[in-house]
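Next up is one chain by itself, shown in structure tokens, the form predicted alone.
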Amino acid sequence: MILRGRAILGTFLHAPQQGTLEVLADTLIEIDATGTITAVLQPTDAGYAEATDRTDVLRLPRGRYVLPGFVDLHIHAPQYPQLGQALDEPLEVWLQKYTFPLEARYADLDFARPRYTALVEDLLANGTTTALYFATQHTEATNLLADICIDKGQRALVGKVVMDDPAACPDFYRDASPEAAVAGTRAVIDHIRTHPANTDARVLPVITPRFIPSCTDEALTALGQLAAECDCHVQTHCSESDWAHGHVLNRYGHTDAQALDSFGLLTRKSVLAHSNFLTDADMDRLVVRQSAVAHCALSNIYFANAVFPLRRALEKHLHVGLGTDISGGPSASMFEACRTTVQVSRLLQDGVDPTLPAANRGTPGSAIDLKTAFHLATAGGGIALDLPIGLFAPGYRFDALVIDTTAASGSIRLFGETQPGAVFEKILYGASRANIEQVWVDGRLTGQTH
């Protein structure tokens, strides 16, 4: 079904700002032929009665609530087969022992196709309408991932991973040279931008140096120049762990963020995954550049050696969204990302060492609430990507998921609760895949419905 030039009537929940939940009860949302919201009419608005009398209105039953589609800012697409596995080593060992050998297999498109297809279908079914993907070093397999996103109807940004440093990358899995790495990146950009089924640019290319430890200075310099030339998004890892952060300090004598900036890789369209060890000066630098952080609370538990100071970043007005970090994060659910974001912020605030006095145990003022996490997973992701997504407002794309709180096979039990704030908490803390009845992208109902 395509909801274009039509309207949907129901109750919508979104978070336009941190710490706030806006409930649009019995609201009519009109969508034009491009999938853009043209009007949001509430019962007290002029013209509401006439608009809701139209025969082309899709009326949602009671017990359904509509959320903005989730925006996952950090996914390693080829790692999906090892989701929930191989979490027993530190980052630098994990990459060489498990991850690089798996990613290298995507040179075989027959290996890549069913795994990428399953990932995109599963993420849509989980309510992830926008995904920021690291693919692999292979140009053809990266193009295949973009093709699948286009075919399945997911909004996506897809990047060929650049890793050309022979001192850090295995012989069986690396770019042959800086020139080859950039040429492959340019080929993916051209493929996505000229794809005949992508004329609405729902799938975008993204320049993707894996992280500084895997790249030569020559490749990083050329990718910064390419970003300026093509006005593409940029994604990479930044100061993820003690090891990764220390590597850059030892190599350049300054931080990851400063080094990325020197290569021209901090722009309004840049998203830095993790960024756990950002200094105050680093955060200020990102604010000036208007770059964003993908906060990956779950995977940080396994690999970061620290908790990202989210509250401090938000107080500095740094753009932040959430990421699952498949497969360093062993869950593909953005509901889980929201929950874990709240939980780790509480751990940072209260501390974790019971041998210390309470007054010395944590970092006061670090906790964030569920509404803020939800904002970051939706509107915050849209701000990070500089895309009109994540809100139910005129001019925004209609990306949404319909939650059925009455689904017998689901995991939401309201027990007669109707207060919107309480229902919201039940949804965010209790929803499972079985509660997601419909998923919409650009006003189009995807195949991932129940």
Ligand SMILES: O=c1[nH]c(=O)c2nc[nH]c2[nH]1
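The numbering used is simple: start at 1 and walk along the sequence shown. No experiment lies behind these values; they were computed from the predicted model shown.
From this point on, the text means the form predicted in complex with the ligand, which you will not see here.
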**OP:** Using heavy atoms and a 4.5 Å cut-off, decide whether Leu95, Phe303 and Asp325 all contact the ligand in the model of the complex.
**Re:** yes
Original post:
Wondering, does Thr130 line up within 4.5 Å of the ligand in the model of the complex on heavy atoms?
Top reply: no
**OP:** Classify Thr340 as contacting or not contacting the ligand in the model of the complex by the rule of any non-hydrogen atom within 4.5 angstroms, answering yes or no.
**Re:** no
Subject >> Val188: touches the ligand in the model of the complex, heavy atom cutoff 4.5 angstroms >> reply: no
**OP:** Indicate whether His295 is a 4.5 Å heavy atom neighbour of the ligand in the model of the complex.
**Re:** no
Subject >> Candidate stretches 73-81, 219-227, 285-293, 250-258, one within 4.5 Å of the ligand in the model of the complex by heavy atom >> reply: 73-81
Original post:
Of these, Leu91, Leu310, Val234, Ala146, which has a heavy atom no more than 4.5 Å from the ligand in the model of the complex?
Top reply: Leu91
Subject >> Residue among His245, Lys269, His138, Arg210 with a heavy atom within 4.5 Å of the ligand in the model of the complex >> reply: Arg210
Subject >> Members of 265-289 lying within 4.5 angstroms of the ligand, judged by heavy atom, in the model of the complex >> reply: His274
